[in-house]
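We begin with a single chain expressed as structure tokens, specifically the form predicted alone.
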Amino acid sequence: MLFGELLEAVEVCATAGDPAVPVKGIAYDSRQVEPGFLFVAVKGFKADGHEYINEAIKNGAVAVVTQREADLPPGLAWALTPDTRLALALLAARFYGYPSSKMKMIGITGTNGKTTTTNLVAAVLSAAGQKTGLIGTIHNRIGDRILPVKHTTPESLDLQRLLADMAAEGVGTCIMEVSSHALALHRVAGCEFDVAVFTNFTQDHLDFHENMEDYLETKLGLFKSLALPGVKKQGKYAVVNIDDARAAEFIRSAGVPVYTYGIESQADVRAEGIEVSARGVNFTARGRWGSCPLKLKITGLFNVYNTLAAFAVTAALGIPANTIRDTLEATGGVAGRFELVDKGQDFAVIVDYAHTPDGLENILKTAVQITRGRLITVFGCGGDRDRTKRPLMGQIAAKYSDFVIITSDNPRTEDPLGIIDEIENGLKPAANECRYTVEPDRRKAIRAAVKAARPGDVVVIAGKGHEDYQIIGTRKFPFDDRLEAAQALEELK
């Protein structure tokens, strides 16, 4: 594609050089530039792409897009744009032929529940005979082919390349987790969504967003995009958790038909007769699409909500209720989401990704329901992330647990003991009702919890879930809560 043709997709403040220069590829990392590439200089959080323009040119860049003036060689094709992050997304979408227009796009946003809901929707659509693509926290997938993942939502250039691969391989529907970071950083700009799903809205990412209102407004952007002019003329809709306190704002923002789901409120699909056990949850989904009894292999009230969301999304697409039921009942849990670690012991060990106040409260509420003995909770908080949630999570752990072990999560560049102190501030007022201890070494903390457990107890290990690493300083070390718990249980034998 010619440089000038690519520029038709973005706002250009100034340009020079030959607009007819062919562009063979696009890169935002100078190390990825090959001869014939366009280099887009993006200012990141740790590095500024404008400082690597000369390296990109040495590697073969034939054109450059910047958002500030730069000293460029005479004759080089270049363009100046107000926002190179947004430009990168729009240029990539155009370069790859707007792949989102060639398939149905389902975007799922919310503080918690995105991963499970995404996987449930994908499972139902696959069972209905559709070839699906999945973009999420644990992995990306094209049909049955699993691809590695770096961000919950990939950087815009990588996303458009992935969508183009999906389109080339005949994917009919892409189900995508859409994080607030992705929306704020324009990673999904250039994507046209058919369906937007809202799971819930609670505190998270206040290290990135100015405040909760900024966080909310960012998430609303996905719903507002549904009503914008696009290639797709009909069939768009939104799915909203009506029980959430901010549901009305998502409904107002959609500008397209909205289907609701819930437990407490009247909704298009509502759960009734809920029965929660350690091994699963039973309920009846009743509403617009009739009455559908469900016996699930996943458990917890939060998973009732995730299942209702998946039911509404797929029923609105016209998938028969019996196909939805059979698939949801056959689908096991998602890795690291209330995942049981079972070595034949007489107490339960559960690993979960919960890393927000609401997420932790959800899993501990469920754990209480299935606990005959004591609830033992092991958790920490990530470093270089929202500090205000740390004492809140300490309070929640104290409220539901009989014994808490505060440990390290991914401390990153923060002092692990400093993070623990902030969590401990939330636990101290409840010290009389809830015993707790501190063990900064996560491996030792898990072993201590397992060793302390008695018959009928439940041990919850929260915060990292599916992650198979721990970030200490700037380095990643192999670490998997599930493997550590399994090894601790083997040692007990």
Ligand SMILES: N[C@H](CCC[C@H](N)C(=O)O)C(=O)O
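Note that the structure is a prediction, hence the values are computed from the model and not measured. Throughout, we count residues from 1 along the sequence that is shown.
A second form of this protein, the form predicted in complex with the named molecule, is not displayed here; the remarks below concern that form.
K.L.:
Any idea which of 433-441, 420-428, 462-470, 447-455 reaches within 4.5 Å of the named molecule in the predicted bound form, heavy atoms considered?
P.N.:
Of the options given, it is 462-470.
K.L.:
Identify, from the list 236, 186, 270, 385, the residue with a heavy atom within 4.5 Å of the named molecule in the predicted bound form.
P.N.:
The option sitting close enough to the partner is 385.
K.L.:
Looking at 355, 94, 141, 104, which has any heavy atom no more than 4.5 Å from the named molecule in the predicted bound form?
P.N.:
Selected residue: 355.
K.L.:
Flag residue 409 as yes or no: does it have a non-hydrogen atom within 4.5 angstroms of any non-hydrogen atom of the named molecule in the predicted bound form?
P.N.:
Heavy-atom contact with the named molecule at 4.5 Å: present for residue 409.
K.L.:
Scan 293-315 and write down, in order along the chain, each residue with a heavy atom lying within 4.5 Å of the named molecule in the predicted bound form.
P.N.:
None of them.
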